[in-house]
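First come two forms of one protein chain, each written alone as structure tokens, so that there is a structure 1 and a structure 2.
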Structure 1
Amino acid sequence: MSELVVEVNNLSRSFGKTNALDCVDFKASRGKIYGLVGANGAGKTTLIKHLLGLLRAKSGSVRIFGEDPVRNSQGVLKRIGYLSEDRDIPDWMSIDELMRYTSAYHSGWDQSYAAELLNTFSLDSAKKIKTLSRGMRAQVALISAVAHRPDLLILDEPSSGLDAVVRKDILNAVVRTISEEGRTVIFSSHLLEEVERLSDHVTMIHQGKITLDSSLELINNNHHCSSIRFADPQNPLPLLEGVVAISGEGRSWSAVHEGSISAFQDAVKKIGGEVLESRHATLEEVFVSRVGRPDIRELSQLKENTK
């Protein structure tokens, strides 16, 4: 069994009447990239704040490298690299000044690695941060987060507001390299194609609850999108085992479903239908089917009508 870097058990957190996290379990092992996806307000940032020790667990527990990140903040944080969506770095410094300032806090700072990343991103270390574009600021902030080669890198919406070239630089050149070195990456993002392209494991969170937590390989293998055709109009559509979300009307329907395609084809055939086409569902389709968007509400209504 691979070593656990992050272990969250039964974590709940409320702000007033809002349940930001509701009995969340989350684990991350060494050497993998974990994508954390959810709509704004789903609970992603609240979970990350607990991992960083910025919030104390009031219900449940959080362990990073086996330690409580609040009680042993110094020991935990020195092994973490963190990049927030705001990329809050001091404007008055030059890039070189920021690198030297940050290196003073990390005994493991790798100057040659920092220089290599500066060269990769074509950044002039003499430039003042206040003169940099949004993309350049993101690149500089990321270098300061990874040049001490942290065991755990946490990225909170790292691609927010960035163009495709900068996103590719940040996520391909750095994130993948860190994971291949046996380090762990957790990144939250609303860009599901990006998560699908880079992640080994995906955790979906909605209204503070984990709705799906699995390796990307299993998600891809277990979720399919199928087009269904009936000889006669269906209203309502008979229940189909394994269906996560469904939409359509009359004789034509589209379903996101779990399980094997052959089993689904047999189930459709039994109720007088035919599967015209099946393919692996995209992560976006799986996400939409899991977070209570219209397709889910439609499915729930159909189930009620057939009771």
Structure 2
Amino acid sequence: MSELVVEVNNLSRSFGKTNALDCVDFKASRGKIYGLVGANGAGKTTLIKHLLGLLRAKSGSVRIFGEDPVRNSQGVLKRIGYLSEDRDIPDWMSIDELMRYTSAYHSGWDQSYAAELLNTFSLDSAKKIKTLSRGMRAQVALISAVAHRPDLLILDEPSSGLDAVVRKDILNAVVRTISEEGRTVIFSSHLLEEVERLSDHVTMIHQGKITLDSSLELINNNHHCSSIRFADPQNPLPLLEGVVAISGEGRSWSAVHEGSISAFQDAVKKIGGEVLESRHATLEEVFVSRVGRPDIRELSQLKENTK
């Protein structure tokens, strides 16, 4: 088994009456890219803040490289590269000053790599950060986060507000490189296509709870989207084993389900229906089926009520 870089056990956190995290378990191994997916306010940033030691674990535990990120913040932060959602870097510095300032904290700072990235992104190091566009700012923040070749790179919504070109620059050129060097990347994103393209492992978080935590391969193999047709209108639809979400009305229905297609076809046949078409569900379909609006999750609700 590979070495654990991040180990979160039974972590809970409340802000007032809101449960931001509820008994969260999360583990990340060396050399993999972890996509953290969830709706706004799901708890992704709260989890990331715990990983960085910006919030103390009040219930449960957080270990980064086997260390408590609050008790040994200096040791842990030296090995982490972090890109915040707000691209929070000192506005008043020039790019060069930021590079020099950041390099002083990291003995492993790779000056040639930083210069190469500055060149790739066509950034003028004499420019003040406050004069940069949002995209350029994100690029600068990213360089300062990766040029010391961190063991763990944490990206909070790295693509938020960026155009396609910058997004591609950032994610392809850097994330993959880091990962191929045997380093770990955790990134949260709203863009599920991006997560699907880059991640080895996906963790879905909804209302502070982990609803799905699995390798992307397993998620792809295990989730399908099927179109079903019945001879007579069905209202409500009888319960089907393995269905995560279902939508439709009358005779035509569409379901996202777990397990093999053949088992699902048999189950549909038993209640008098027919599976017209089945395919692997996209990550977006899996995500929406698990955290989407109630009308889409009709069956899940129904199951809950029956219990």
Partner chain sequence: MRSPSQALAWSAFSLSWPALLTQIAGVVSIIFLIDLAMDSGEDTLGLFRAADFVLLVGLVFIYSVTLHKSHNVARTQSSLGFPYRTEFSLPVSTHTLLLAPLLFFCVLTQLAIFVPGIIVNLLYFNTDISIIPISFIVFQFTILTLMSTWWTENGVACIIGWLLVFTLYLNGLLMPEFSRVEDSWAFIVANPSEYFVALIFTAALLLITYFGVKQQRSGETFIEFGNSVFNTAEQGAIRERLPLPIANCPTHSSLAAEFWKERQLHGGYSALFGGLTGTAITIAVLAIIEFTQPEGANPELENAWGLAVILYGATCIGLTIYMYGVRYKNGTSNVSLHDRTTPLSTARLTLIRTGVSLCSALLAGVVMLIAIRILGPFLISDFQSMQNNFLETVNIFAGLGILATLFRICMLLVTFLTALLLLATFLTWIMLKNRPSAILSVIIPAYIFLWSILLMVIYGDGDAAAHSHAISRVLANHLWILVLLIPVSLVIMMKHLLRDCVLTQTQMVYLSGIGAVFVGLNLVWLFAANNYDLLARDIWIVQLSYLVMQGLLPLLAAVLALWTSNRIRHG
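This one's a predicted model, so the numbers in the text were calculated from it and none came from an experiment. By convention here, residues take numbers in order along the sequence of structure 1, the first being 1. Take the two forms, superpose them, and find the largest set of C-alpha atoms that agree within 1.5 Å; that set is the rigid core.
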Number assigned to the form predicted in complex with the partner chain in this pair
2
Any chance the CA of Val166 moves 2 angstroms or more between the two structures, core superposed?
no
For a quick test of reading the superposition: does Pro90 move by 2 Å or more at the CA between the two structures, rigid core aligned?
yes
